[in-house]
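Just the one chain here, the form predicted alone, laid out as structure tokens.
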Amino acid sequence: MATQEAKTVDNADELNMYKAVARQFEKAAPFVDADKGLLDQISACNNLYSFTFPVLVEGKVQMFEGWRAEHSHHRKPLKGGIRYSLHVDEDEVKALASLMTYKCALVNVPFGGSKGAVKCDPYRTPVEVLEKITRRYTFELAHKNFIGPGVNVPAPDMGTGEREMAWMVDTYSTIHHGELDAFACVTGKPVSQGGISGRTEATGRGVYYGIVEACARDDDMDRLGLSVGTEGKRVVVQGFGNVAYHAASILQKEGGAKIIGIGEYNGCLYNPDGIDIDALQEHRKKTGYIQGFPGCEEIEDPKACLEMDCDILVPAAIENQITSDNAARVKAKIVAEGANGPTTPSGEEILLSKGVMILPDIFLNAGGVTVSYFEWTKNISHMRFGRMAKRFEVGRDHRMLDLIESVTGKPLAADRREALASGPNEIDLVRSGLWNTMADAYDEMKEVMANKEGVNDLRTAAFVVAINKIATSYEQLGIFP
């Protein structure tokens, strides 16, 4: 009986995201040259604001639980999304805040880590009630100084999006009337409300760029028995929300990958010849479900997609999907974590023992916070990216093309000339900056693996890179001489 009880506790620890992140930190910490006290400071969650607040629903007062965790203040402001879910709790919020700290450090985004949540069902709650919840939640954060352009900057997460961010910035601006940088209090806003082009797709596009970088290495692809590049790779994606849809669509259209499986909360689709992702998206918009999409085998078990035979598996739904129970049956050679915490520590050990390459969440889904940083800097500078230079660059490019034509004696076709001398738009600059960010972070992880004996996986390498940067920040601040 005692053995069974111990096993139950161990399983609960495995599924507790906060404890799982702590284990990942502890695995990497021995490879960082830093004082134990400093490491303890880096791993600790600095602040947690837990509160309840009332909202009038159909003439009756209903109470809601809210949280905002501030994990690290080594950089300001702090950054992290707002999650609406019935299953969220304090430990999950603290875990996500800590992941945000390490994520920002890894990809050189100068923010500390934070996260927030409200316990509610965003899919069954009327829009007018969601607006009341969002505005009251924002008021509570503002009241305790847990939101502000230079303090703490929320963003969308699971269950929230542009609409909620627009409500938040409007509420904050009302409270802080006349504040010049008020629109920088949140990111992920509609473009018309101070947002930035490419933010909606950012996390999914970052997943794509991360996979591209991983698949570009000859030695790694040879070890996995795969060809270099994403062209023709068989991909299965768990989830079909914002991150999963954009990752799958971009992998298909720009990477030439074949999406053979899609998993959702109510079942999976499978087609070895490939699924048209954009057509599936239109089908779901019309019907509300992925089921019924023509040409696909339908499987009732929502987790069946995790065990499909494929080259790349992208778990982009929720945490704790690949565990000690099913990891041995995962057939993918690359597991690309689009979601936060989709693989438990024991599940990871099994995957690594099989030689699976794991692209960790703190790297792969960093596209959202990276482009949020671009949006924040845009709001602070009050200048759209590309506005100052585009006309100059177009003129310069035309002069260069004129010179080429005069030297070669061969005029370019008008459409070709226009394409070569169009100048970058905001979204071009955002995508370029995001790709460069993901490429640099991947290079840093691989460098640690090459130079640190005993660091044999990308997650540990990512934590080593992140912890080193945070430790350096604290030391340069003079807090830990």
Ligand code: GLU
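Sequential numbering from 1, following the sequence displayed. Quick caveat, the model's predicted, so the values are computed rather than measured.
Only in words, not in the display: the form predicted together with the ligand, which the text now covers.
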With heavy atoms only and a cut-off of 4.5 Å, decide whether Met100 touches the ligand in the predicted bound form. yes
Even though the ligand is not shown here, does Arg199 get within 4.5 Å of it in the predicted bound form, heavy atoms only? yes
Hey, in the predicted bound form, does Thr230 get a heavy atom within 4.5 angstroms of the ligand? no
Taking the ligand as it sits in the predicted bound form, is Arg205 in contact with it (heavy atom to heavy atom, 4.5 Å or less)? no
Let me know the one among Pro342, Gly210, Gly81, Pro360 whose heavy atoms come within 4.5 Å of the ligand in the predicted bound form, would you? Gly81
Of the residues Thr138, Ser72, Asn365, Gln238, which one places a heavy atom within 4.5 Å of the ligand in the predicted bound form? Asn365
Name the stretch: of 152-160, 127-135, 270-278, 190-198, exactly one has residues whose heavy atoms fall within 4.5 Å of the ligand in the predicted bound form. 152-160
With the ligand taken in the predicted bound form, which residues across 280-305 come within 4.5 angstroms through any non-hydrogen atom? none
